[in-house]
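Just one chain is shown here, as structure tokens, and it is the form predicted alone.
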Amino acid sequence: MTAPRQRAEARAGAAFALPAFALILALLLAPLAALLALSVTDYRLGAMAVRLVGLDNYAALFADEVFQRSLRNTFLYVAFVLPGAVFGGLGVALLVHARRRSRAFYEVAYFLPVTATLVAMATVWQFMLHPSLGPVSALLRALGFGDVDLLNDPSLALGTLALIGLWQVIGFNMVLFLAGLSAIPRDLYEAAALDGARSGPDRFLRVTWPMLGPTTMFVTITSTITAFKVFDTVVVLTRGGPLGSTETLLYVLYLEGFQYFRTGYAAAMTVVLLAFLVLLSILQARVIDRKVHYA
């Protein structure tokens, strides 16, 4: 191939890639650069003057008790939701995959929470968890737990929100695991049976679980990101209460940016949140990828 032809093909390739690069620049890189720039200023929404403060926002951030509490609450929420989202989604997928006639019904039933608007459903949850009128509280009283206010008890509110988060995300993870289960060749189970894996647990540990490695890695990373972004249920159900027990990173970020108009400070908080998500995603990918079997 001659040099002029190589240059012509390179220019043609660059021309085809230019629209995609322009979109990435406009939608990802430019907003990220603006976010980093705002995070080192004292900019307040609507202010005419902006002053460069360097890393003062970050220093104030980690000295802020509200931020520390929101960070702790967010990690507790993720620690509760993540295992349930991954293993709950896998368990439901295994049960649904084994069905024959009623499989379509269960797929739709478990996936419905994913399609529902969480703000609207949070209103339903607010009624269901009402301390005097809600059916959940009535059930707890019938079981002998007495009057329990799940959304206004500081020791129970965050766990209650985590259960609602699980209710919504398990259906989506179920669909991903069902796709992974359907892609496993049946002859692998026959070969495993010849090797002595005749029981269900043996087939799961020797065939199903290793072959679901790529799906499990994807589900783990996406579930982590989803859990870190909890916001809707906090706003509708608790507004960070009681006593700050459900204040999460995204909710505090919203208050700082859109209630108190401390845009520079909120931008620094966003950078920290993005850094946590990137680091956790890379760590999870490296740890899980070592045990993943790619067919």
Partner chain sequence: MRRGLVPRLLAHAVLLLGAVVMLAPFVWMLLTSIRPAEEVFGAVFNPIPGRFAAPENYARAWNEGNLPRAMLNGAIVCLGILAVQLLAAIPASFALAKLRFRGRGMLFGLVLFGLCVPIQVPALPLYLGLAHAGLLDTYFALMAPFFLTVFGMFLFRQFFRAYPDEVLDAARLDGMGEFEIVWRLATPAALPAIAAFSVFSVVAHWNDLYWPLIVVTSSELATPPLGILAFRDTESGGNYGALMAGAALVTAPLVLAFLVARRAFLRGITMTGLR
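Bear in mind that the values here come from a model prediction, so they are computed numbers and not experimental data. Numbering follows the first chain given and starts at 1.
From this point on, the text means the form predicted together with the partner chain, which you will not see here.
Picking from 34-42, 48-56, 63-71, 240-248, which part of the chain touches the partner chain in the predicted complex when contact means heavy atoms within 4.5 Å?
Every other range fails; the passing one is 34-42.
Looking at the partner chain in the predicted complex, do all three of 162, 180 and 220 come within 4.5 Å of it through at least one heavy atom?
Negative, none of the three is within 4.5 Å.
Within 4.5 Å of the partner chain in the predicted complex, heavy atoms considered, which of 76, 86, 140, 116?
So the residue touching the partner chain in the predicted complex, by this definition, is 116.
So in the predicted complex, does any heavy atom of residue 283 sit within 4.5 Å of the partner chain?
No.
Heavy atom of residue 253 within 4.5 Å of the partner chain in the predicted complex:
Close contact exists here: in the predicted complex, residue 253 approaches the partner chain to within 4.5 Å, heavy atoms only.
Under a 4.5 Å heavy atom criterion, is residue 127 part of the interface with the partner chain in the predicted complex?
Flag for residue 127 set to yes.
Within a 4.5 Å heavy atom cut-off, is residue 158 in contact with the partner chain in the predicted complex?
Taking the distances in the predicted complex, the answer for residue 158 is no, it never comes within 4.5 Å of the partner chain.
At 4.5 Å, heavy atom to heavy atom, what parts of 23-37 sit next to the partner chain in the predicted complex? List them in sequence order, or say none.
Counting only heavy atoms within 4.5 Å of the partner chain in the predicted complex, the contacting residues of 23-37 are 23, 24, 26, 27, 28, 29, 31, 32, 34, 35.
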